[in-house]
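What follows is one chain in structure tokens, specifically the form predicted alone.
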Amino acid sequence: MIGPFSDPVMQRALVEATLVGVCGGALGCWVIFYGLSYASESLAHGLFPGLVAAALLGLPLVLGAGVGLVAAALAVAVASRVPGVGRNVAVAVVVTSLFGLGVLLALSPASPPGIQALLFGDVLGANDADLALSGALALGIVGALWLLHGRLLAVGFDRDFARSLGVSAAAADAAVLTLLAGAILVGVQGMGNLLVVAVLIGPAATARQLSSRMAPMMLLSVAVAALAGAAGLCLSYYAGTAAGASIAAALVAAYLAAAFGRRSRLPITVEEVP
């Protein structure tokens, strides 16, 4: 099992997969708790053209993701104002259009080799700069979740009660979405735009089958994500399959095992709310 990780390429890939797992595992619990699973997929697809444009222009992916996110938000706001078009329809239309534009740019014959990695990921191609960026973003996301833990719990359980405590529900929602954008940016380099949502939803959904409290659920989710990353890399090494897809398959297998092993869904308790 540890044989593949004697290779420096696999070692860097394991570190990248672990960092992605820490971000996705911890934040994914809040994504599920706040009912933002669809929003996470929409956000990932919506900022895709910005990522592609940044890669084509040689700009930092962080800058491209930020521009793409702002453009997507403005497009949704404009589309929502069209008579007879609801917000959900506007989100679907805008996100689909933006994702299609990003795919056209990424798969264009004029695009340089390797740009397709933004679609499908290239965890085996992680370099020291990628690891440094992922590590910094992961540290920021985990630190923010630690600082905001009580506020996020209060809003998640009862928004009206949270207001009486002086906690803004809008600010909590904005914080989760902002951190979600950062987590997508961490994961997209290794998992690609098509598979990054698996790391955000899969580990948290698995941990949800096993724990009824948020803190243990987050720890379980991170552990599942890290172990699935290592298992997926081993599968990729021995079976010759794509690394990102292998990690996603390991996450699905973990969820199915937890789902079949735990028939009843546990309610999240309020013991942690300060």
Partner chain sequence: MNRAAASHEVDGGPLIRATSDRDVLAEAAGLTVGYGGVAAIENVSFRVRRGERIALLGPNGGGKTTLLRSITGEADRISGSLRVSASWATVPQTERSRLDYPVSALDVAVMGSLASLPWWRQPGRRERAAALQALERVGMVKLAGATFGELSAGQRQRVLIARGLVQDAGLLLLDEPFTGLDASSSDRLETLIGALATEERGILIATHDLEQARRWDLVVCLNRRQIAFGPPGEVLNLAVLEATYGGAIVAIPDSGGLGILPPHHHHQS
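Positions refer to the first chain, counted from 1. Note that the structure is a prediction, hence the values are computed from the model and not measured.
What comes next is about the form predicted in complex with the partner chain, which is not displayed.
Q: Thinking of the partner chain in the predicted complex, which stretch from 184-192, 123-131, 152-160, 89-97 has heavy atoms inside 4.5 Å of it?
A: The contacting stretch here is 152-160.
Q: Pick from A138, V103, V76, L148: which has a non-hydrogen atom within 4.5 Å of the partner chain in the predicted complex?
A: For this set of options, the contacting one is L148.
Q: Only one of A171, V82, L165, L107 comes within 4.5 Å of the partner chain in the predicted complex by heavy atoms, so just point that one out.
A: Result of the distance check: L165.
Q: Though only this chain appears here, would Y237 touch the partner chain in the predicted complex if you measure heavy atom gaps against 4.5 Å?
A: So Y237 does not count as contacting the partner chain.
Q: Mark M217 yes when one of its heavy atoms lies within 4.5 Å of a heavy atom of the partner chain in the predicted complex, and no otherwise.
A: Within the cut-off, so yes.
Q: Hey, in the predicted complex, does T241 get a heavy atom within 4.5 angstroms of the partner chain?
A: Flag for T241 set to no.
Q: So in the predicted complex, does any heavy atom of R208 sit within 4.5 Å of the partner chain?
A: Heavy-atom contact with the partner chain at 4.5 Å: present for R208.
Q: Which residues in 30-47 have a heavy atom within 4.5 Å of the partner chain in the predicted complex?
A: Those in contact are W30, I32, F33.
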